[in-house]
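This document opens with one chain alone, in structure tokens, the form predicted on its own.
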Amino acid sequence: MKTLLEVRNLTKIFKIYENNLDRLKEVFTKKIYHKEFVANRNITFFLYERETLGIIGLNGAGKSTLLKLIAGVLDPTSGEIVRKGRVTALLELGTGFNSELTGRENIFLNGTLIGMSEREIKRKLQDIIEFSELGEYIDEPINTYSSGMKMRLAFSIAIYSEPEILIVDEALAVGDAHFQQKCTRALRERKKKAMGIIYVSHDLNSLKLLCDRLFLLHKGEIIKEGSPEEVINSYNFLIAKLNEKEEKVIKKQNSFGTFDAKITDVKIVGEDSKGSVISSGEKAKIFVKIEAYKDISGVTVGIAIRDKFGQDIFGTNTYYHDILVDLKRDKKYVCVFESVMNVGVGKYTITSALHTNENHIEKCFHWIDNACEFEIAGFKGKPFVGLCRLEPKIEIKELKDE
């Protein structure tokens, strides 16, 4: 497989000065008046053709700095970046636009900045305008555009610049659902034509859906690399660990937590099937067995159902249902979630967790990924297409001429 991007031992260090005078004093006196901030440290990875590589990390992890280094906006302190082809980056919204110029004029300006020739821009101009769906607004100044309109134009220019490497930083988070779907389709089509994509987002489901591989960036370093599901599980563990106080968060295979209480078993049973192969529309019970090793009050028991792509299709917990759970030391419990399984045909997994409040961020006792599997096979009632059953009422009436 062809390598499009090689990043080797990349480090970026910023010099932080208290004021501009210290910067001048350092130049003339040769004394050090700055502090160093290491944004990226010894980062090494490769991007291959027809691959989408996702980057995930907490705020301040060094993601934006890394993208700017790859795009050539910043120079590295040390290390090497080898780009094999044109790189187009969708970074901060509005970068490369002149707010006083029209959308049409900004196509020429932005296109030139990312390496397109005037002839190339003219040849693709109508395609860019049509893809953006800006219509008559294309001849209005950019300063009259909403953030969604700016994103439409920026993405349209980027995709028609036909780069070998496209960097997308949260761009798809802006705009309406229709255009986001259109962008996703366009990325998949370009990917088939050998383009490589670097995608950064806080939307975990979009990372699972779009990316072939992820790496987790923390304090400027890559601490985990692998499949989207593996890396996102590590990301959830990192969130829990960073918010620990007196309790120590421990990781064990596909689970983590303080283990003051533990999920010992998770299973799903269909009312009719009496097993884990269930018909869509059939009532089922999800059993979460718990064992407590301390007295704990205010515990939340939660479940999340994920599809074959690892996307969360449904999640709920006792907190959302105003149910307070108090656990006693050395006692065992079972929490039962009962529901009609109005989901589409396919294979699914259940993740379960014990924590406080709404989510696991403040305190996590036990989180277990893919605790059990089940399959929806066939339908109870009318068949449908998709992930969820809405059961619409359908009525057809003849309209009389007025």
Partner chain sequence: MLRNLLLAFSFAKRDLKDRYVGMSFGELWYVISPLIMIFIYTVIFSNFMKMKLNIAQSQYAYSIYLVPGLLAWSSFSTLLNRVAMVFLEKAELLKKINVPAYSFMISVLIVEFLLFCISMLLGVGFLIIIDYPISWDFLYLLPVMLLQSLFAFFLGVILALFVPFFKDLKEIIPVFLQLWFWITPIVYVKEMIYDRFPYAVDYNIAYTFISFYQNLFLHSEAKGWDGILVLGIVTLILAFLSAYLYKKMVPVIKDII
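Positions refer to the first chain, counted from 1. In this text, all values refer to a predicted model and were calculated from it rather than measured experimentally. Rigid core here is just the name for the largest C-alpha set that superposes within 1.5 Å across the two forms.
Below, we turn to the form predicted in complex with the partner chain, even though it does not appear here.
In the predicted complex, the partner chain lies farther than 4.5 Å from every heavy atom of Gly148. Residue contact check for Phe314: none of its heavy atoms lie within 4.5 Å of the partner chain in the predicted complex. Put simply, Gly135 is far from the partner chain in the predicted complex: not one heavy atom of it is within 4.5 Å.
Heavy atoms of Leu74 reach within 4.5 Å of the partner chain in the predicted complex, making it an interface residue. Checked against the partner chain in the predicted complex, the candidates Glu118, Asp139, Asp330, Glu189 yield a single residue with a heavy atom inside 4.5 Å, and that residue is Glu118. This chain lacks the partner; the member of Ile239, Ile223, Leu109, Val277 within 4.5 angstroms of the partner chain in the predicted complex by a non-hydrogen atom is Leu109. Contact with the partner chain in the predicted complex, defined as a heavy atom within 4.5 Å, is made by all three of Val27, Lys68 and Gly96. Here the chain stands alone, but in the predicted complex its contact with the partner chain, taken as any heavy atom within 4.5 Å, falls in 109-117 among 228-236, 109-117, 149-157, 213-221. The Cα position of Thr44 differs by less than 2 Å between this form and the one not shown after fitting on the rigid core. Taking 2 Å as the criterion, Asn19 counts as shifted between this form and the one not shown: its C-alpha moves by at least this amount when the rigid core is aligned. Once the rigid core is used as the reference frame, the Cα position of Asn59 differs between this form and the one not shown by less than 2 Å.
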